[in-house]
Each structure stands twice: as structure tokens, then as C-alpha cells.
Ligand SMILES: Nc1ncnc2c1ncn2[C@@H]1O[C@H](COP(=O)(O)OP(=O)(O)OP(=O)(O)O)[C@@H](O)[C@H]1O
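Before any questions on binding or motion, here is one chain by itself as C-alpha cells, the form predicted on its own.
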């Protein structure tokens, strides 16, 4: 592993007698798109939670970002260090436009104010390929795909070095997934490392350099995407059969 930006060692999360994530270890290289797959309940989102401290950290194990331990730090400190995430559920402000939402984010997450915040909002809107003609309409009137663009833009506004995306393709049509594919590659080319949880296997195979598969809170397989999906254990657990 050359130049790891994220190192997770024996990460574990328990809730009483339930172990949701069990001694998971992996590294992510700087500039990589790292995919994470697995059936529902396999611990994918819990893994993101304990890495970012939202809403909890690990019960045991270590998370390192740029060589420094971040487990135990408050979530805002982790985000401001350059590790930001999105969530499965869209959380836009329905009465605010995309530009207004990003201006607020630029103030609270990016330390920008006034004209600087507006300029930053426009740059990020352009980066996520958002239609400028729709950037000032209420977010409640945006399409599902536009809300996904806004969600990703909100994660990018603080200029992170890593963004962690939790099922961004959920609810999208096939053409929209193809647009998301191109968007993620462009964001990655801008110098941002991406961790991607996704159930849409075609998207993961298209954009990921490496793929990790979880099952029942443990690593089932890790490696090149084409090799991982041919693993019989993955086919059984994630795809529902061995053929």
C-alpha cells in the first residue's frame, strides 16, 4: 500500500451483545476510489459512523487519517481535518436554494464569509456539474439527482482531501447513475480520495480501484473489483448465489 491516507486497524463496534463491526482492517491510498459493498446489515454504514465519529466512534481499534489517530476526536474536528462524509438520507433545506445551502456550509465548514462564501459555492456547484440555471430555486423543487449533486457539493465545500459517500446512487435511474459515475471520476481527478458505499454493483465496478466486501460485520473479500465479484463467497453473501 503506497502512501495510505486512511488506515483502519481492528475497528470494532458493539452494541450490548451485538457486534456490528468486528475487527475490520484496511487501508486506502491517497487519490484512490475505494468501494465498499455488502448485503443490508453487513456493517457498511456503521463502519463509516465509527470512522467519522458520527454519531459514535469505535468500541475498539484505531482509525488513522494522514498518519494521525482520529478515533476519539469529536466529529467536527475530524471533518475539519479533511475527512467528510454524506449520508443515505438526503438532508437539504427545502426552502433554501443550492447556492444558499452551500454559502451556509462555506461559512460553518469552510471558514468563508460574504463574497468568498458565494465564490466558493459557485466553484463547488461547477465541480459537481450542477445546472447553474437551477442553482437558485428552492431545494424542494430539485430532482433526486440534483439533490445528490447538492449533497456531494456540501461535502466538498470545506475542501476535504477525502469524502465518504454512503449509497449516493440510491433512488437514481440508470441514466442518472451513469452521470453519477462520470461525476465521481471527475471529483476524484480533482485530487480527492473517495470511499464509496454502494449497492449498485455496476457503479462500484466502474469507478473503484479496489473493492471491500463486508458480511455480518466482517471482511469477506478485498482486492481488485473484477477478482472480488468472482469470489464464490461474495456471490453467495452479496449476490445471492454461487453462479
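Remember, predicted model here, so these are calculated numbers, not experimental data. Residue numbers count along the first chain shown, from 1.
Unshown form predicted together with the ligand; subsequent notes refer to it.
* To do: Just give me the single entry in 193, 27, 206, 45 that has a non-hydrogen atom within 4.5 angstroms of the ligand in the model of the complex.
  => Of the candidates 193, 27, 206, 45, 45 is the one lying within 4.5 Å of the ligand in the model of the complex.
* To do: Using the partner position in the model of the complex, report whether residue 39 sits within 4.5 Å of the ligand, counting heavy atoms only.
  => Flag for residue 39 set to yes.
* Heavy atom of residue 229 within 4.5 Å of the ligand in the model of the complex -> Outside the cut-off, so no.
* Non-hydrogen atom contact residue 71 with the ligand in the model of the complex at 4.5 angstroms -> Although the ligand is absent here, residue 71 would stay clear of it in the model of the complex, with no heavy atoms inside 4.5 Å.
* Asked: Any of the heavy atoms of residue 20 lying within 4.5 Å of the ligand in the model of the complex?
  -> Within the cut-off, so yes.
* To do: Any residue of 141-168 with a heavy atom within 4.5 Å of the ligand in the model of the complex counts; write them all down in order.
  => Residue within 4.5 Å: 167 only.
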